[in-house]
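Below you'll find only one chain, the form predicted alone, shown as structure tokens.
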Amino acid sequence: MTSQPVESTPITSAADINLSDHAFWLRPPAEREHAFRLLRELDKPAFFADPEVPYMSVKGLGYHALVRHADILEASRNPEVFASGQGGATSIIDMPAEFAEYFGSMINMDDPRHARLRRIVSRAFTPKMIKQFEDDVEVAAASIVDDLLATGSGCDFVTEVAARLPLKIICDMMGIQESDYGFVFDRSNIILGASDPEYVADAESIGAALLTAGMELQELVQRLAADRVENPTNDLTSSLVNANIDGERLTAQELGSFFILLVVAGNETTRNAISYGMRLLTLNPDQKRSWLEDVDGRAPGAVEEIVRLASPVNYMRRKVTRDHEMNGNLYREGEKVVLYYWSANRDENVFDDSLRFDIARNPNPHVGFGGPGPHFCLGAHLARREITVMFRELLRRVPQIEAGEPERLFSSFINGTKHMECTF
């Protein structure tokens, strides 16, 4: 395996594209953008065979690639037809049973189980707790920029800036002690970057590495939860483990899976949005100047535009529960569809000059936090807050900062940046 771009034949038509080929995800972003534009121009969604995954021996019959904004909105609004719980949403191939223990969180569920879990979790986020998280973001971002300035010249922006903020907030939220930050960070990297040899050395080891990382994170939070039953505190773990909503409680397995979802989704995706945003500002100095003219006033639009173009999660999968016609195309019961958010956020029919970074873009109906419906990102508010505060600190205190060429994560699932030097 390699995580570096490789020589490949040019893509001249949709017939040259295979989203299930791992080599496709080694292509530079511009080539991928060209490929998805060709797919959006087709009369109907392209159909691909399932990818080869060493640790998943049972393959399905393939999937329809939903690449248009309209298709993703429609599928998201109809979860009873396009289901998340039949084999999982985060893997194109049906998730093996042994993986469900660690990764079978509510993102991979349908109602009524999904609604039950979301209700319990949502009630645990009290207004007081949310206010405390927001205040903590301010303090953490200021401290990170203090450390950045102390370097005197620059650093790896991903590991020293973008990754530190969401990691600290998520760990503090759950009550994870600072000495375990690195442990959580490393395991979350394995879970979302297992196909990249920086995190897992070879393809044959991916399955075992994923299961081990999931088990270790689950054990960490379950030990913490056991303590919070006896010694309640004000953190989210205590609220979750002691929550009793209309007689319903989280099981130990449900708590563990939710924690994995929280640290993976809340940490990795926000760090990638911040990293991508820094690169966008470097490549678009006019937009950076515009934001600097009114840092607070232009932040909301800038953050939405960063999330649109970053699209940290490339896709989610759904399975069709009954024959259904959508936007003129028929989908059969049992078929799979893959919702490519990254492509939808570049759809020319929705976004004028869709590849342009425009912090004043309005409207901006991106699906960077997922489509409308029950699976819209539970942490969207916190992610927006973290991105806003981090860039406010950077723009006000280090306005001359610039990002170098990013080293991209090798993944079909996450649009990630592993390393990126910054200078100021």
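Throughout, we count residues from 1 along the sequence that is shown. None of the values given here were measured: they were computed from a predicted structure.
Keep in mind that the form predicted in complex with protoporphyrin IX containing FE (HEM) is missing from the display, and what follows is about it.
K.L.:
Does this chain block protoporphyrin IX containing FE (HEM) or leave room for it once its pose in the predicted bound form is superposed onto the site C-alphas (blocked: 3 or more ligand atoms within 2.4 Å of backbone or C-beta; open: none)?
P.N.:
Judged by the transferred pose of protoporphyrin IX containing FE (HEM) in the predicted bound form, this form is open (no ligand atom within 2.4 Å of backbone or C-beta).
K.L.:
Does the trio I170, Y341 and C377 actually contact protoporphyrin IX containing FE (HEM) in the predicted bound form, every residue with a heavy atom within 4.5 Å?
P.N.:
Yes, the whole trio is in contact, each within 4.5 Å by some heavy atom.
K.L.:
By the heavy atom within 4.5 Å rule, which residue out of G104, G277, G256, P312 makes contact with protoporphyrin IX containing FE (HEM) in the predicted bound form?
P.N.:
None of the other options qualify; the answer is P312.
K.L.:
Of the residues I176, A213, M316, A163, which one places a heavy atom within 4.5 Å of protoporphyrin IX containing FE (HEM) in the predicted bound form?
P.N.:
After the contact test, the surviving option is M316.
K.L.:
Select, from the options 327-335, 259-267, 187-195, 126-134, the stretch whose residues sit within 4.5 angstroms of protoporphyrin IX containing FE (HEM) in the predicted bound form by heavy atom distance.
P.N.:
Contact-bearing stretch, as computed: 259-267.
K.L.:
Do V53 and protoporphyrin IX containing FE (HEM) come within 4.5 Å of each other in the predicted bound form, heavy atoms counted?
P.N.:
Outside the cut-off, so no.
K.L.:
Taking 4.5 angstroms as the cut-off for heavy atoms, does H114 touch protoporphyrin IX containing FE (HEM) in the predicted bound form?
P.N.:
Answer yes; at least one heavy atom of H114 falls within 4.5 Å of protoporphyrin IX containing FE (HEM) in the predicted bound form.
K.L.:
Using a 4.5 Å heavy atom cut-off, state whether V389 contacts protoporphyrin IX containing FE (HEM) in the predicted bound form.
P.N.:
Close contact is absent here: in the predicted bound form, V389 is far from protoporphyrin IX containing FE (HEM), nothing within 4.5 Å, heavy atoms only.
K.L.:
Could you tell me if P45 has a non-hydrogen atom within 4.5 Å of protoporphyrin IX containing FE (HEM) in the predicted bound form?
P.N.:
Output for P45 is no: heavy atoms all beyond 4.5 Å of protoporphyrin IX containing FE (HEM).
K.L.:
Would you mind checking 352-374 for residues with a heavy atom within 4.5 Å of protoporphyrin IX containing FE (HEM) in the predicted bound form?
P.N.:
Sequence-ordered list: G368, F369, G370, P374.
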